[in-house]
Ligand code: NAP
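In the form predicted alone, a lone chain appears below as structure tokens.
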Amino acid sequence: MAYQTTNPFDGKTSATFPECDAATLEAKLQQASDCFDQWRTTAFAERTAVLAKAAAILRERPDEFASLITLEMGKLIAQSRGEVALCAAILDYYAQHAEGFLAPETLPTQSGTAVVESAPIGVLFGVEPWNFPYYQIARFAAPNLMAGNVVMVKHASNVPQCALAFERLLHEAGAPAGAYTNLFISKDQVAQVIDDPRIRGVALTGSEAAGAVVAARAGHNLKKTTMELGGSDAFIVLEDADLERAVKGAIQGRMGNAGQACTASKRFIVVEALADQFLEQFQAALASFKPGNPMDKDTTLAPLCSEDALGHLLQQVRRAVEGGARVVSGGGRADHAGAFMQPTILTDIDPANPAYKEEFFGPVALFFRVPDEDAAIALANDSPFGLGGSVFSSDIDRAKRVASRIETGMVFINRPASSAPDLPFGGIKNSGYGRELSGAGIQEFVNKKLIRVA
């Protein structure tokens, strides 16, 4: 597995990093284990100081961190700065609230006393993706470090400089050696780390296939896991929706990060009364996106993360068309050097088409028209995924009722899916299990220990 920086805008490889050898990996595992013995008893005030300092560094030097995101995976520079700001907010959030989240809970009993304490469980291993190179690891590392665990992270092979930058950030902020460890390791070494008895929990954000392999390996070792996997979020537009707001939300939901987000809006389900108007305006808005250098603030269409990602997406579109789908707009490679995909709309997708059940990780929108609310809900739920979703309606109570009927982990009303430190993040079905962020995220890898006095 080659860890290297290849700019998806110009295809140039500027840095390569070797994988850990066996001795180095063993030394890192032992260092993390030794650090846990110290970190678990470190006062909340000291842990807070580390995370607060890391947040302050991100805010002081945003371009230093943001430019690496854009260099390695092609995100528009303004969006990269936004990701850095979100990471700072996550670090601050857990620095401020972790002690309260983990405070002992007294239980009512008929006699004596009963208290549940929250204790760290040990060294945790995270396998993280490239699409949000800092955010993905911040939401794993911040709550668990504040809980007294220590973390080791195998990041995606195409964002190695981001991986190293986050490790340096925490060390600069005062985290002891071994509290946060970056690992450049092979697939075989991933299995070795999961098997290692010093690892007590495993978290993965990534594809269904990767989740199945990692969860099976961890399960064989009786280790707790959380899985945040893919999504094919429904974006429901009811007939009483504010059309302008819905189209604006659709553009934000589909085109953020060039569509490379698990919670991106992917299936646009519009009630017949608004379908033609919505499609016309949606198509016109997508046509305005122009490819260019993602470091340029005027660029509106970023490249995909790699040529391989672009090739996979083009293949999905071809299969969809062969299965009967109609290309409303786009459908091919953008006329620009680099890994650029035209913003694309596909429609006439029936359940037998492979596109009906797939996740499109890029700027490809699947458009469906339905007769009414019930049909919209049925179509939204007819998916192997269940991560996020959106409902647009001028009647908030109605939108809430629809949201309650959608089988997914998160629903957003009159806006596309988003993330914030105080909102739980996670899904159901093939989108995984467990939650990150908010008070829920810090509870995943702690021992809820009962202490009972008779």
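Model, not experiment: these values are computed from the prediction. Note that residue numbering begins at 1 and tracks the sequence as displayed.
The same protein has a further form, the form predicted together with the ligand, not shown here; the description that follows concerns it.
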| Which of these stretches, 130 to 138, 367 to 375, 288 to 296, 166 to 174, has heavy atoms within 4.5 Å of the ligand in the predicted bound form? | 130 to 138
| Leu229 near the ligand in the predicted bound form, any heavy atom under 4.5 Å? | yes
| task | Evaluate Lys75 for contact with the ligand in the predicted bound form, applying a 4.5 angstroms cut-off between non-hydrogen atoms, and reply yes or no. | result | no
| the ligand contact in the predicted bound form: Arg267, any heavy atom under 4.5 Å | no
| query | Is there a non-hydrogen atom of Thr205 within 4.5 angstroms of a non-hydrogen atom of the ligand in the predicted bound form? | reply | yes
| query | Which of Phe282, Phe361, Tyr94, Tyr180 has a heavy atom within 4.5 Å of the ligand in the predicted bound form? | reply | Phe361
| Exactly one of Ile69, Val50, Leu387, Val391 has a non-hydrogen atom within 4.5 Å of the ligand in the predicted bound form; which residue is it? | Leu387
| field | Three-residue site Lys187, Ala210 and Cys262 fully in contact with the ligand in the predicted bound form at 4.5 Å by heavy atom | value | yes
| said: Given a 4.5 Å distance limit between heavy atoms, list every residue of 145 to 167 close to the ligand in the predicted bound form, or none if there are none. | reply: Lys154, His155, Ala156, Ser157
